[in-house]
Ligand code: ATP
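Shown below, as structure tokens, is a lone chain in the form predicted alone; questions about how it binds or moves come after it.
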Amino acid sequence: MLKKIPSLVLSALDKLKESNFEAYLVGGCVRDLVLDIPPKDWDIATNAKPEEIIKIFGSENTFYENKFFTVGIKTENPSLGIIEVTTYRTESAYSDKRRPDQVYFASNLEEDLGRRDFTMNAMALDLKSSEDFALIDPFEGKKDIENKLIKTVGSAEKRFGEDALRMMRAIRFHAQLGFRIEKNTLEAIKKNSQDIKHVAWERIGVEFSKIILSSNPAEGIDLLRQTNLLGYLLPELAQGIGVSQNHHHIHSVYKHSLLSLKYCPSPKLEVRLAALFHDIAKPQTKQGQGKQATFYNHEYLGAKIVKNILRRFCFSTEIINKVFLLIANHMFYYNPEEVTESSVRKLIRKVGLENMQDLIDLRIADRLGSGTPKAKPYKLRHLEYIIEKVSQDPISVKMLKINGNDLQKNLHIPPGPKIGAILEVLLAEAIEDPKLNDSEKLTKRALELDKQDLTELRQLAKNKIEEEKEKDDSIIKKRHWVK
């Protein structure tokens, strides 16, 4: 456990203790250490006041820009970031269900731990030496971790009444850790779900992103539904509950969306968001019933709807535009008999070569979410083959280390077909032996070719270039398992 604690964090604890103050690791970093997960953030609780903390570490190494007694210690280590050192504190009532009306200094560590959200986050670590430590666990957080249980500290209703975002945090921890939410805690979320309306969308967006990026994102989203939070946060997604599709789908729109997210092969936030939301406009665009129902243009309307959703959740413009692009283009054709090199070039120009793999990953998620047994059938592999083929740099004289201007200068040949003929022969020979692609060697060889009849040589060059193209094409086909 102790080996996972960075030396700079240990040094910060030592400096506080050397100044005769108490200092403990607290919160999420202790939880992660118990779980044997490398912590991302490091928090220290102390009885030192903010001004005393600043004096110990120096004003040039600290910043204090909040009302919660938290001083940031700069580490100049990008992987470590900021070490947050907070004075023991307790809080008054939360009138707005978002933040405490007042924050007070607490008298001891136990009082500070008692204000925290979940038992697994209400533990502290007392490092007595480099090899000796004590876990301070007044609310049996370690036991709940061992039982894989998410449980509030004290009254669940009180904790959620203080900060309604804690309801989403419980679901986020469920999605990340696979822990179940304790019965009373779960019931309190259902009972107080309407209070999520008081939370700033920016804070909601952060928790939502963590759910989407977790190891169980679909379970997290469905738990939002089970706890009545989905209707407040994503009524557009909730509209798909119970909406049947056509003969291409065996699941409702909502279940298909969940499964698409669950089976999305990409770890990227944008692709996972697109997988969840790609069919969000189907309830509005549905025409007819049963197996013959249609959803014309649902991808375009869906892209617009999702743009508004992501703006509401305060996502960056870059993410919003990427998700919009993926959803708007997720209905591309990829049957071998319909796909031509020309049509693929048009698709690449439309969405960008850099986005093609993400678009394919979205289509794979869509297929698996529909209950199909194969994520990547032959026709999708064939599309990937065409994409790679048309995106390869063409074999051309541009690959040579000399050009027509060089030949005019060195051979004194006026512009005309002879220069092109010589370059084609040079290209064919350079393909055969890449070591020949040297400006000095090419110039010498060009002088020799200038004295020959190039008609036959041009034909040989053409045959060689075509042979090389066929060889490359064969390699690409094998890579994608297509004929």
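Throughout, we count residues from 1 along the sequence that is shown. These numbers were taken from a predicted model, which means no experiment stands behind them.
Although not depicted, the form predicted together with this ligand is the subject of the following passage.
Judged against this ligand in the predicted bound form with a 4.5 angstroms heavy atom cut-off, the residues E202, E270 and K322 are out of contact without exception.
Among the residues R115, K286, R345, K307, the one placing a heavy atom within 4.5 Å of this ligand in the predicted bound form is R115. The contact residue chosen from F173, F295, F277, F139 relative to this ligand in the predicted bound form is F173, the criterion being a non-hydrogen atom within 4.5 angstroms. The candidate stretches are 161-169, 190-198, 356-364, 251-259, and the one lying within 4.5 Å of this ligand in the predicted bound form by heavy atoms is 161-169.
Under a 4.5 angstroms non-hydrogen atom cutoff, this ligand in the predicted bound form lacks E52 among its neighbouring residues. By the criterion of a heavy atom within 4.5 Å, N121 is counted among the residues contacting this ligand in the predicted bound form. Proximity of D438 to this ligand in the predicted bound form falls outside the 4.5 Å heavy atom cutoff.
D43 belongs to the set of residues with a heavy atom inside 4.5 Å of this ligand in the predicted bound form. Counting a residue when any of its non-hydrogen atoms is within 4.5 Å of this ligand in the predicted bound form, the hits in 23-61 run G27, G28, R31, D32, K40, D41, D43.
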